[in-house]
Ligand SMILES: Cc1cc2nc3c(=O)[nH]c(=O)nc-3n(C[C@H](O)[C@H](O)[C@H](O)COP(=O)(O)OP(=O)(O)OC[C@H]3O[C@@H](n4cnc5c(N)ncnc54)[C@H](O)[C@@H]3O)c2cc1C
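Okay, so here's just one chain, in C-alpha coordinates, the form predicted on its own.
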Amino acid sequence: MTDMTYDVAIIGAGPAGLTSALYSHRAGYNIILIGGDTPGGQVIRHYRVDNYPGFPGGITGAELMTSWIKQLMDETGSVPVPESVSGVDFSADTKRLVCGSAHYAARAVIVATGARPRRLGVPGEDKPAGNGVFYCATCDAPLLRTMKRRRAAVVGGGDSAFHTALALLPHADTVTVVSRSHEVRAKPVLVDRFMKDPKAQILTARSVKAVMGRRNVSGLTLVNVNTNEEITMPLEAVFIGIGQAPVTDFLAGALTTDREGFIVTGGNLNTSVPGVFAAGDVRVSPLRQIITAAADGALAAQSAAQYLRTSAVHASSL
(Lines give C-alpha, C1' and ligand atoms only; values in the text may rest on other atoms or scores of the structure.)
Protein backbone atom coordinates (compact mmCIF):
# COMPACT_ATOMS: atom_id res chain seq x y z
CA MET A 1 0.00 0.00 0.00
CA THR A 2 1.22 3.51 -0.77
CA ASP A 3 -0.09 6.76 0.72
CA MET A 4 1.23 8.84 -2.19
CA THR A 5 -1.10 10.11 -4.90
CA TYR A 6 0.62 10.61 -8.24
CA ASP A 7 -0.43 13.12 -10.84
CA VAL A 8 -0.31 10.58 -13.66
CA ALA A 9 -0.12 6.79 -13.56
CA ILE A 10 0.85 5.08 -16.80
CA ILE A 11 0.06 1.39 -17.20
CA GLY A 12 2.36 -0.30 -19.71
CA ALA A 13 5.98 0.36 -20.72
CA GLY A 14 5.93 -0.14 -24.48
CA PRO A 15 6.33 2.73 -26.98
CA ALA A 16 3.03 4.37 -25.96
CA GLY A 17 3.62 4.09 -22.22
CA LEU A 18 7.25 5.21 -22.31
CA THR A 19 6.38 8.22 -24.47
CA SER A 20 3.47 9.12 -22.16
CA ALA A 21 5.82 8.97 -19.19
CA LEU A 22 8.44 11.20 -20.84
CA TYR A 23 5.90 13.81 -21.95
CA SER A 24 4.09 13.82 -18.60
CA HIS A 25 7.37 14.25 -16.73
CA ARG A 26 8.43 17.08 -19.04
CA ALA A 27 5.10 18.78 -18.33
CA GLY A 28 6.10 18.89 -14.67
CA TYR A 29 3.87 16.13 -13.35
CA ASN A 30 4.70 13.48 -10.78
CA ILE A 31 4.40 10.12 -12.54
CA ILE A 32 4.50 6.41 -11.90
CA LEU A 33 5.05 3.99 -14.78
CA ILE A 34 3.89 0.44 -14.11
CA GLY A 35 5.74 -1.65 -16.67
CA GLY A 36 4.61 -5.21 -16.07
CA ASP A 37 7.07 -8.07 -16.50
CA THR A 38 8.39 -6.91 -19.90
CA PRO A 39 9.43 -3.24 -20.07
CA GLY A 40 9.65 -2.38 -23.75
CA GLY A 41 6.49 -4.28 -24.66
CA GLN A 42 6.24 -6.64 -27.62
CA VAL A 43 8.77 -4.61 -29.59
CA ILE A 44 11.66 -5.68 -27.38
CA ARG A 45 11.22 -9.25 -28.68
CA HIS A 46 11.24 -8.24 -32.35
CA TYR A 47 14.29 -9.53 -34.19
CA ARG A 48 14.37 -6.46 -36.41
CA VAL A 49 12.34 -3.25 -36.77
CA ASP A 50 12.47 -1.86 -40.31
CA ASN A 51 9.55 0.58 -40.37
CA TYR A 52 10.50 3.05 -37.64
CA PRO A 53 11.86 6.29 -39.15
CA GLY A 54 15.40 7.37 -38.42
CA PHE A 55 17.04 3.96 -38.62
CA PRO A 56 18.01 3.19 -42.23
CA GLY A 57 18.61 -0.53 -42.53
CA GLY A 58 16.57 -1.24 -39.41
CA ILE A 59 17.31 -1.78 -35.73
CA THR A 60 16.61 -4.66 -33.39
CA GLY A 61 13.63 -4.30 -31.11
CA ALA A 62 15.86 -4.82 -28.07
CA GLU A 63 18.19 -1.99 -29.12
CA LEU A 64 15.32 0.39 -29.83
CA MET A 65 13.44 -0.17 -26.60
CA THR A 66 16.57 -0.34 -24.42
CA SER A 67 17.46 3.12 -25.71
CA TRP A 68 13.91 4.32 -25.01
CA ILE A 69 14.00 2.99 -21.44
CA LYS A 70 17.45 4.50 -20.83
CA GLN A 71 16.17 7.90 -21.94
CA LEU A 72 13.29 7.60 -19.48
CA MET A 73 15.68 6.69 -16.66
CA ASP A 74 18.09 9.51 -17.52
CA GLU A 75 15.34 12.15 -17.69
CA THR A 76 13.08 11.06 -14.84
CA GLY A 77 15.50 9.26 -12.53
CA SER A 78 13.05 6.37 -12.25
CA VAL A 79 12.52 2.96 -13.81
CA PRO A 80 9.30 1.18 -14.77
CA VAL A 81 7.77 -0.57 -11.76
CA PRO A 82 8.12 -4.32 -12.52
CA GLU A 83 4.55 -5.19 -11.57
CA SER A 84 1.30 -5.85 -13.43
CA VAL A 85 -2.01 -4.17 -12.64
CA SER A 86 -4.57 -6.76 -11.57
CA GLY A 87 -7.49 -4.44 -10.82
CA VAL A 88 -8.64 -0.82 -11.02
CA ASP A 89 -11.13 1.49 -9.33
CA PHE A 90 -12.02 4.47 -11.49
CA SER A 91 -15.18 5.41 -9.58
CA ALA A 92 -13.74 8.50 -7.86
CA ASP A 93 -11.67 11.51 -8.90
CA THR A 94 -8.61 9.77 -7.50
CA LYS A 95 -8.09 6.58 -9.50
CA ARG A 96 -6.74 3.48 -7.79
CA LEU A 97 -4.66 0.66 -9.23
CA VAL A 98 -4.09 -2.74 -7.62
CA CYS A 99 -0.79 -4.57 -8.23
CA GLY A 100 -0.82 -7.67 -6.06
CA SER A 101 -0.46 -6.43 -2.48
CA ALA A 102 0.50 -2.90 -3.61
CA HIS A 103 -2.02 -0.15 -4.33
CA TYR A 104 -1.30 3.04 -6.26
CA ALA A 105 -3.37 6.22 -6.56
CA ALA A 106 -3.31 8.86 -9.27
CA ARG A 107 -5.36 11.84 -10.43
CA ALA A 108 -5.10 10.76 -14.07
CA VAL A 109 -4.38 7.38 -15.69
CA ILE A 110 -3.06 6.46 -19.14
CA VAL A 111 -3.72 2.85 -20.18
CA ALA A 112 -1.01 1.72 -22.62
CA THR A 113 -0.94 -2.04 -22.09
CA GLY A 114 -0.87 -2.94 -25.78
CA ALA A 115 -2.02 -6.20 -27.31
CA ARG A 116 -0.80 -9.78 -27.51
CA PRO A 117 -0.96 -12.31 -30.37
CA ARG A 118 -4.14 -14.38 -30.51
CA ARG A 119 -3.70 -18.10 -29.97
CA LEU A 120 -5.29 -20.98 -31.83
CA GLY A 121 -6.19 -22.88 -28.67
CA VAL A 122 -5.53 -26.32 -30.17
CA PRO A 123 -3.66 -29.35 -28.76
CA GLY A 124 0.09 -29.17 -29.21
CA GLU A 125 0.27 -25.38 -29.47
CA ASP A 126 2.02 -25.03 -26.11
CA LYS A 127 5.45 -26.12 -27.26
CA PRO A 128 8.52 -24.82 -25.40
CA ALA A 129 9.73 -21.44 -26.70
CA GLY A 130 11.66 -21.80 -29.92
CA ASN A 131 10.49 -25.33 -30.65
CA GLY A 132 8.45 -24.58 -33.73
CA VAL A 133 5.34 -22.57 -32.73
CA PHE A 134 5.86 -18.84 -33.25
CA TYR A 135 3.79 -15.65 -33.16
CA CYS A 136 6.22 -13.07 -34.53
CA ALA A 137 7.96 -13.46 -37.89
CA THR A 138 10.25 -10.49 -37.39
CA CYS A 139 11.36 -11.97 -34.07
CA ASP A 140 11.68 -15.62 -34.99
CA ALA A 141 11.96 -16.14 -38.74
CA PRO A 142 15.80 -16.38 -38.57
CA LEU A 143 15.42 -19.41 -36.29
CA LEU A 144 14.33 -21.38 -39.35
CA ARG A 145 17.93 -21.28 -40.54
CA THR A 146 18.95 -23.42 -37.57
CA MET A 147 16.67 -26.28 -38.73
CA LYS A 148 17.70 -29.11 -41.06
CA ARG A 149 14.47 -28.75 -42.98
CA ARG A 150 12.67 -25.44 -43.14
CA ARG A 151 9.05 -26.07 -44.08
CA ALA A 152 6.79 -23.44 -42.52
CA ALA A 153 3.08 -22.76 -42.35
CA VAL A 154 1.28 -19.53 -41.49
CA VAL A 155 -2.20 -19.89 -40.01
CA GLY A 156 -4.58 -17.09 -41.00
CA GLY A 157 -5.94 -15.43 -44.11
CA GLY A 158 -5.75 -11.71 -43.42
CA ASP A 159 -3.10 -9.03 -43.89
CA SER A 160 -1.29 -10.10 -40.74
CA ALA A 161 -0.88 -13.66 -42.03
CA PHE A 162 0.47 -12.55 -45.40
CA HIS A 163 2.87 -10.04 -43.89
CA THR A 164 4.15 -12.93 -41.79
CA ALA A 165 4.37 -15.24 -44.81
CA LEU A 166 6.33 -12.68 -46.83
CA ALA A 167 8.78 -12.25 -43.96
CA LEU A 168 9.36 -16.02 -43.85
CA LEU A 169 10.14 -16.52 -47.54
CA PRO A 170 13.85 -15.54 -47.35
CA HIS A 171 14.41 -18.04 -44.52
CA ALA A 172 12.21 -21.04 -45.42
CA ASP A 173 12.27 -23.87 -47.97
CA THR A 174 8.48 -23.61 -48.36
CA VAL A 175 5.81 -21.35 -46.87
CA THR A 176 2.14 -22.40 -46.85
CA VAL A 177 -0.64 -20.05 -45.78
CA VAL A 178 -3.47 -22.05 -44.18
CA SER A 179 -6.82 -20.25 -44.09
CA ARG A 180 -10.10 -21.46 -42.64
CA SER A 181 -12.02 -19.26 -45.08
CA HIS A 182 -12.76 -20.28 -48.64
CA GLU A 183 -11.03 -17.12 -49.82
CA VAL A 184 -8.21 -15.24 -48.15
CA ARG A 185 -9.10 -11.77 -46.87
CA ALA A 186 -5.72 -10.11 -47.30
CA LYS A 187 -5.12 -7.22 -49.68
CA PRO A 188 -4.61 -8.51 -53.24
CA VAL A 189 -1.23 -6.79 -53.48
CA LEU A 190 0.04 -8.86 -50.55
CA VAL A 191 -1.36 -12.11 -51.95
CA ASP A 192 0.11 -11.41 -55.40
CA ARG A 193 3.52 -10.57 -53.98
CA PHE A 194 3.52 -13.77 -51.94
CA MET A 195 2.41 -16.03 -54.78
CA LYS A 196 5.14 -14.76 -57.11
CA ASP A 197 7.65 -16.77 -55.07
CA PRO A 198 7.95 -20.44 -56.15
CA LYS A 199 8.22 -21.48 -52.50
CA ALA A 200 4.74 -20.10 -51.71
CA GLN A 201 1.39 -21.85 -51.61
CA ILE A 202 -2.07 -21.27 -50.14
CA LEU A 203 -4.49 -23.78 -48.63
CA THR A 204 -8.04 -22.50 -48.09
CA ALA A 205 -11.03 -24.06 -46.30
CA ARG A 206 -8.72 -25.80 -43.82
CA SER A 207 -8.83 -25.44 -40.06
CA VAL A 208 -6.08 -26.51 -37.68
CA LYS A 209 -7.09 -29.36 -35.40
CA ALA A 210 -3.73 -29.93 -33.71
CA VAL A 211 -0.03 -29.12 -33.81
CA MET A 212 1.90 -32.38 -34.11
CA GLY A 213 5.15 -33.34 -32.42
CA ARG A 214 6.08 -34.15 -28.83
CA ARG A 215 8.71 -31.49 -28.21
CA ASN A 216 9.42 -30.01 -31.63
CA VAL A 217 6.82 -29.35 -34.31
CA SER A 218 6.56 -32.13 -36.86
CA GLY A 219 3.38 -31.10 -38.65
CA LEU A 220 -0.21 -29.91 -38.52
CA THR A 221 -3.44 -31.88 -38.46
CA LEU A 222 -5.80 -30.02 -40.78
CA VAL A 223 -9.55 -30.49 -41.30
CA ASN A 224 -11.33 -29.69 -44.55
CA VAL A 225 -14.20 -27.43 -43.44
CA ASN A 226 -16.38 -28.72 -46.30
CA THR A 227 -15.86 -32.48 -46.02
CA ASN A 228 -14.43 -32.90 -42.48
CA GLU A 229 -11.60 -34.89 -44.05
CA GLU A 230 -8.39 -34.78 -41.99
CA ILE A 231 -4.97 -34.48 -43.55
CA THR A 232 -1.47 -34.25 -42.09
CA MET A 233 0.91 -31.56 -43.30
CA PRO A 234 4.55 -32.29 -42.41
CA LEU A 235 6.53 -29.19 -41.44
CA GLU A 236 9.01 -27.84 -38.92
CA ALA A 237 7.52 -24.46 -37.99
CA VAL A 238 4.10 -22.89 -37.69
CA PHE A 239 3.52 -19.15 -37.33
CA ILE A 240 0.18 -18.00 -35.93
CA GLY A 241 -1.10 -14.94 -37.81
CA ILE A 242 -4.70 -14.51 -36.70
CA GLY A 243 -4.41 -11.04 -35.22
CA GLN A 244 -4.00 -9.63 -31.74
CA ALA A 245 -6.04 -9.36 -28.55
CA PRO A 246 -5.87 -6.26 -26.33
CA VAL A 247 -4.47 -6.55 -22.81
CA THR A 248 -7.55 -5.28 -20.99
CA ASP A 249 -8.62 -8.15 -18.72
CA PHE A 250 -7.52 -6.24 -15.62
CA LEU A 251 -10.06 -3.48 -16.37
CA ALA A 252 -13.01 -5.83 -15.70
CA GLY A 253 -15.40 -3.62 -17.66
CA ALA A 254 -14.28 -0.32 -16.10
CA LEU A 255 -13.92 1.27 -19.56
CA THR A 256 -16.02 1.03 -22.71
CA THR A 257 -14.50 -1.32 -25.29
CA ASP A 258 -15.47 -2.70 -28.67
CA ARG A 259 -16.46 -6.34 -29.27
CA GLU A 260 -12.85 -7.46 -29.36
CA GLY A 261 -11.97 -5.68 -26.13
CA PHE A 262 -10.07 -2.69 -27.58
CA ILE A 263 -10.68 0.52 -25.63
CA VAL A 264 -12.92 3.09 -27.31
CA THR A 265 -11.37 6.57 -27.29
CA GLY A 266 -12.28 10.07 -28.36
CA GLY A 267 -10.21 12.47 -30.41
CA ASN A 268 -7.94 13.39 -27.51
CA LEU A 269 -7.66 9.70 -26.48
CA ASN A 270 -10.14 10.16 -23.63
CA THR A 271 -12.04 7.06 -22.55
CA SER A 272 -15.51 6.61 -21.10
CA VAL A 273 -14.18 7.66 -17.67
CA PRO A 274 -13.03 11.27 -17.14
CA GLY A 275 -9.33 11.40 -16.31
CA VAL A 276 -8.56 8.04 -17.90
CA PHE A 277 -6.91 7.94 -21.32
CA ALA A 278 -5.77 5.12 -23.61
CA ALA A 279 -2.81 5.03 -26.00
CA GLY A 280 -1.25 2.60 -28.44
CA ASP A 281 -2.30 -0.86 -29.52
CA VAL A 282 -4.77 -1.28 -26.65
CA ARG A 283 -7.26 1.17 -28.17
CA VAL A 284 -9.51 1.01 -31.23
CA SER A 285 -7.33 2.15 -34.12
CA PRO A 286 -7.03 1.58 -37.88
CA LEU A 287 -3.24 1.19 -37.60
CA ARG A 288 -1.05 -0.37 -34.91
CA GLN A 289 2.61 0.47 -35.39
CA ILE A 290 5.45 1.67 -33.17
CA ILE A 291 5.20 5.15 -34.61
CA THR A 292 1.44 5.42 -34.00
CA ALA A 293 1.88 4.12 -30.45
CA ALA A 294 4.51 6.78 -29.75
CA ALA A 295 2.28 9.50 -31.21
CA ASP A 296 -0.60 8.24 -29.06
CA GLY A 297 1.64 8.42 -25.99
CA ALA A 298 2.45 12.06 -26.61
CA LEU A 299 -1.19 13.00 -27.22
CA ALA A 300 -2.44 11.05 -24.20
CA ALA A 301 0.09 12.83 -21.97
CA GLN A 302 -0.98 16.21 -23.31
CA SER A 303 -4.65 15.34 -22.81
CA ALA A 304 -3.99 14.13 -19.28
CA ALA A 305 -2.15 17.38 -18.53
CA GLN A 306 -5.09 19.41 -19.84
CA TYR A 307 -7.45 17.35 -17.67
CA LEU A 308 -5.30 17.95 -14.59
CA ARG A 309 -5.12 21.69 -15.23
CA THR A 310 -8.87 21.90 -15.72
CA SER A 311 -9.50 19.84 -12.59
CA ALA A 312 -7.19 22.08 -10.57
CA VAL A 313 -8.97 25.25 -11.76
CA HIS A 314 -12.33 23.67 -10.95
CA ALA A 315 -11.21 22.62 -7.48
CA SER A 316 -9.78 26.08 -6.68
CA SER A 317 -13.10 27.73 -7.59
CA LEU A 318 -15.14 25.63 -5.17
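One rule holds for the numbers: they count along the sequence shown, beginning at 1. Worth saying up front: this structure is predicted, and the values here are computed from it rather than measured.
Another form, the form predicted in complex with the ligand, is not on view; read the next lines as being about it.
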Verify the contact flag for residue 110: yes if a non-hydrogen atom of it lies within 4.5 Å of a non-hydrogen atom of the ligand in the predicted complex, no if not. no
Is residue 293 close enough to touch the ligand in the predicted complex, meaning at least one heavy atom pair within 4.5 Å? yes
Does the 4.5 Å heavy atom contact test between residue 21 and the ligand in the predicted complex come out positive? no
Would you please decide whether residue 43 lies within 4.5 angstroms of the ligand in the predicted complex, comparing each non-hydrogen atom pair? yes
On the criterion of a non-hydrogen atom at 4.5 angstroms or closer, are 114, 117 and 247 all touching the ligand in the predicted complex? yes
Taking 4.5 angstroms as the heavy atom distance cut-off, pick the stretch from 119-127, 188-196, 209-217, 76-84 that is near the ligand in the predicted complex. 76-84
Contact residue in the predicted complex, from 268, 285, 66, 38 (heavy atom within 4.5 Å of the ligand): 38
